[in-house]
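Quick heads-up: it's one chain on its own, the form predicted on its own, in structure tokens.
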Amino acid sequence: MTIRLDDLTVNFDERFQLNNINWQLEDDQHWVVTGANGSGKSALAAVLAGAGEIVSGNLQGVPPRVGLVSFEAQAELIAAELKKDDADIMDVIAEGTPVREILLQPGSDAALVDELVEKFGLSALMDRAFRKLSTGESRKMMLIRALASQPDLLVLDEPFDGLDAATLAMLQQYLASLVETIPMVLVLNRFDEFPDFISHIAYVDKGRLAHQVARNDETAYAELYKLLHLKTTELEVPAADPETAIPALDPTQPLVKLNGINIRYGDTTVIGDLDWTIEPGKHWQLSGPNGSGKTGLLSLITGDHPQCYVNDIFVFGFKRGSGESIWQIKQFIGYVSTSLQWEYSVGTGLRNVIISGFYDSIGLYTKATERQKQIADQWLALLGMSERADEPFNKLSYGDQRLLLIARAMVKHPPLLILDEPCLGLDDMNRQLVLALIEKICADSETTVLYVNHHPEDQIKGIDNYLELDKR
């Protein structure tokens, strides 16, 4: 099998274009496609799965069965599930499609599905609705579905993001077992995640295939590595807006105090009898395998979990269940997560996305002050997006959206900044930018950071407290 892209130009919904792509993939090659956020690396991989409108040039040799995993495909599946609620009547909320039904698609290898479900630890979730899975669990489901589809080509866009260390190692080993039978194209941001079996690297820049490097070409590979490991220095975090200051908290009281916390779903206990106190200025890193309860624990703090009222929770001077509103709680929190990114599917401009952080809103529905606009523009300059202030947020790449939402979370300098896998989907350069920003926030005594992370190498200077959850 030889796949050829000859002078190929492809449009993607008038928001992005790949230009004059010349690329040849042989059946004994395994490629990584990489590049900065918004460069077009995901678009290039998606072309192999039939995405985009070919404007000119030729695409030849793509096999009939392509197994695809991507954030976009995952989001499309979630959106389709949510539409079932919109179509429902009489205010009855649909349970959603069970995992078993989504995995056992026409053409799937049922025996392989069972094997992979066991490997990925999803056996107990086969009858659960897809929409009720955690981020990591839903990612595993997408991988199983693609791997069991009997593909002639695997296209995996950031397949390792959102996976705990044990699952990541298992997946890399499993993919390595396929190298003799299935060619693979992986979209990866992190050089440290390139599997050993990768033979070639394609570097995409501004919609063009700028470099193609054989991995055994040591000189060319070293140059590409330098290109993707640019370091950011002299960063300055924009100041908060004194006119929209958050009410002062008692500095002698903890920000969060959880006493004997339990999270249960039916007969299953996810977290049992957990005590945890977050003091002002004491930064924490939260870790644990997929399904260990990290997301549930965060939602207890933010007030979004239905079981927060049956637990002993003290947050920002409030005893939960004492008549406080959820907005009284959220005003003290800046928050970034994958689920927030899926929810923030609006077309408002980038400046307004950042300003919305002052109001904890999805979109902006209040007239911004001149000072707020200035602060937002400072953040855009810091992120290298000054010329894109009025560009629609929902037209950005996944990584650029994440950067904007991190700025949105930081803009009000909240007492507690919750960053749930903030580097998910970011290339190395932007990942280093984000890590440097978080480090500077940690140095600010007015903001306490709660950092959720699967990658041990992404540790932050200044975070000295660690809570690791175990899967029960």
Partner chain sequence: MSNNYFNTLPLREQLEQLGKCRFMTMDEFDDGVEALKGKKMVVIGCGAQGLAQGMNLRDSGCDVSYALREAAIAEKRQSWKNATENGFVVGTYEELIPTADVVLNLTPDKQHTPVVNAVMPLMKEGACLSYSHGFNIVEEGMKIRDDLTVIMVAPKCPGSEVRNEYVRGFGVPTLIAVHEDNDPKGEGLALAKAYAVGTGGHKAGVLMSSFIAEVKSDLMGEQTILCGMLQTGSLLCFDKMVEEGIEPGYASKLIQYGWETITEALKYGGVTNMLDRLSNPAKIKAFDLAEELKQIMRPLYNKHQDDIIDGTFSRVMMEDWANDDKNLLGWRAETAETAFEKTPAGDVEISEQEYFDKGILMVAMVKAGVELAFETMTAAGIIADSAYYESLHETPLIANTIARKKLYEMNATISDTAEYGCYLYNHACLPLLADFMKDIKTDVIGKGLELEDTGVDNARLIEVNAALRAHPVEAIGATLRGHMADMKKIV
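Residue numbers count along the first chain shown, from 1. None of these values were measured; they are calculated from a predicted model.
If you look for the form predicted in complex with the partner chain, you will not find it shown, but the lines that follow are about it.
S.K.: Looking at heavy atoms inside 4.5 Å, which stretch does the partner chain contact in the predicted complex, given the options 70-78, 128-136, 381-389, 317-325?
M.R.: Comparing against the partner chain in the predicted complex, the contact stretch is 317-325.
S.K.: Which residue among Ser177, Asn216, Thr252, Thr366 has a heavy atom within 4.5 angstroms of the partner chain in the predicted complex?
M.R.: Of the listed residues, the single hit is Thr366.
S.K.: Of the options Ala169, Ala210, Leu104, Val310, which one has a non-hydrogen atom that comes within 4.5 Å of the partner chain in the predicted complex?
M.R.: In short, Val310.
S.K.: With a 4.5 Å heavy atom cut-off, would you call Ser149 a contact of the partner chain in the predicted complex?
M.R.: So Ser149 does not count as contacting the partner chain.
S.K.: Residue-level contact is defined here as any heavy atom of the residue lying within 4.5 Å of the partner chain in the predicted complex; does Ser337 satisfy this criterion?
M.R.: Ser337 lies outside the contact set for the partner chain.
S.K.: Can Pro242 be called a contact residue for the partner chain in the predicted complex at 4.5 Å between heavy atoms?
M.R.: Answer no; every heavy atom of Pro242 is more than 4.5 Å from the partner chain in the predicted complex.
S.K.: Might Ser397 be said to contact the partner chain in the predicted complex, defining contact as any heavy atom within 4.5 Å?
M.R.: Ser397: no contact with the partner chain in the predicted complex.
S.K.: Taking Ser42, Ala51 and Pro98 as the candidate spot, are all three within 4.5 angstroms of the partner chain in the predicted complex by heavy atoms?
M.R.: No: none of Ser42, Ala51 and Pro98 comes within 4.5 Å of the partner chain in the predicted complex.
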